[in-house]
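One chain comes next, on its own, written as structure tokens: the form predicted on its own.
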Amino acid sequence: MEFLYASEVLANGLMAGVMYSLVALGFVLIYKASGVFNYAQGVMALFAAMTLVGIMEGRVPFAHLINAAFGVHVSSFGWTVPGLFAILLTALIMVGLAIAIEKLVLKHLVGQEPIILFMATIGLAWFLEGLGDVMWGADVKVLDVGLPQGISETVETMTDNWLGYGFFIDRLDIWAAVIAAALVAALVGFSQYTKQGRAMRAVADDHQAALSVGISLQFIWIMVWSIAGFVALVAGIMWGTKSGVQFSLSLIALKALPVLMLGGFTSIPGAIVGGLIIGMGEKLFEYFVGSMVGGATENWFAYVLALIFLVFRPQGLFGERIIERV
């Protein structure tokens, strides 16, 4: 029976790992195109989720500012928007955000050191968090786009019939796993087998060299930030549905960091494998060891594991080893 309990913990850990991987995918995309860690990816997921809720509920953007400036009391347009149409509108907004980022930030930083780009993403993160607060308010929002939630009776029945013990797996986690697998397959195919994907890798290697062979930095950066925005939207939907849309959602970026250290900053499949290892490892460690050390090991296990990887394999499992000759 102990083995069955551990197997259920393992299964839930794998499902949690998929959720981490959804966030890590956005980081990998930006890193492959610019060579910089995008600190704003977690806030982009938060902003996308807040915008989606605002559109679905028919909220008036900047309602607090409008009310304060004109002495009125508006909060809603008086209608609601279907989930699928709201997702499409939010995706278009994320594309517009990508265009604005390229026009206002990135094009002024061509050829700069990666640390400069990293600092720019920190500023962008704080700006987006404040913008989301002003646009949609700081209250905790409920996000429901129609994804099934609750314990999967199918999985419980199947495992009970096969093993004599029913596993409790959230249906939302199963959907997240399916969506993550589809995203990874699409992104790997895009980056490896399309002209735009090869251009993206060239831009990551050297901005100036890419420009000299006719690659448009403007197009590549808009494309990559748009894709990262869409990935952030998917992650925001999953995490927002699971735990509500609130400002702590932006902190999922911190859990994505050890995922990237394990899988490698330049590998799309590595983001998934790293997430699965982190999710599986932290759940099993908490199950077997947590009671011996006072519990709450899930808060720090991922970072300790990432530190070990940094010592023995700094490029991660699937990352590229960079050799510089001096």
Partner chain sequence: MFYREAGDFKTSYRDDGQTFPIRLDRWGYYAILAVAFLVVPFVIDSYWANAVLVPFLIYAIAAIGLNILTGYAGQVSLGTGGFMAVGAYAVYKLMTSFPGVPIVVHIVLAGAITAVVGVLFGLPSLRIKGFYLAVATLAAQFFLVWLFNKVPWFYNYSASGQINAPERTILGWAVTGPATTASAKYLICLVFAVVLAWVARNLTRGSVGRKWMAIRDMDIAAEIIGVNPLTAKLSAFAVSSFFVGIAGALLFSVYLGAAEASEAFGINKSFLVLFMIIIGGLGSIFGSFAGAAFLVLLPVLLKNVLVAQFGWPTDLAAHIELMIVGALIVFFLIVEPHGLARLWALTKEKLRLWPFPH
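Residue numbers count along the first chain shown, from 1. No experiment lies behind these values; they were computed from the predicted model shown.
Separately, the form predicted in complex with the partner chain exists; it is not shown, and the next lines address it.
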Next on the checklist: At 4.5 Å by heavy atoms, is each residue in Leu124, Asp133 and Leu257 next to the partner chain in the predicted complex?
Outcome noted: yes
Item to check | Val304, heavy atom within 4.5 angstroms of the partner chain in the predicted complex | outcome: yes
Checklist entry - Does the partner chain get within 4.5 angstroms of any non-hydrogen atom of Met119 in the predicted complex? => result yes
Next on the checklist: Check Ile272 for me: does it contact the partner chain in the predicted complex (non-hydrogen atoms, 4.5 angstroms)?
Outcome noted: no
Checklist entry - Does at least one non-hydrogen atom of Leu310 fall within 4.5 angstroms of the partner chain in the predicted complex? => result yes
Checklist outcome for this item: Picking from Ile115, Val142, Leu84, Ala182, the single residue whose non-hydrogen atoms come within 4.5 angstroms of the partner chain in the predicted complex is Ile115
Next on the checklist: So the partner chain isn't shown here. In the predicted complex, which residue out of Val95, Val74, Val105, Ala186 has a non-hydrogen atom within 4.5 Å of it?
Outcome noted: Val105
Next on the checklist: Can you list, in sequence order, the residues from 259 to 279 that come within 4.5 Å of the partner chain in the predicted complex, counting heavy atoms only?
Outcome noted: Met261, Phe265
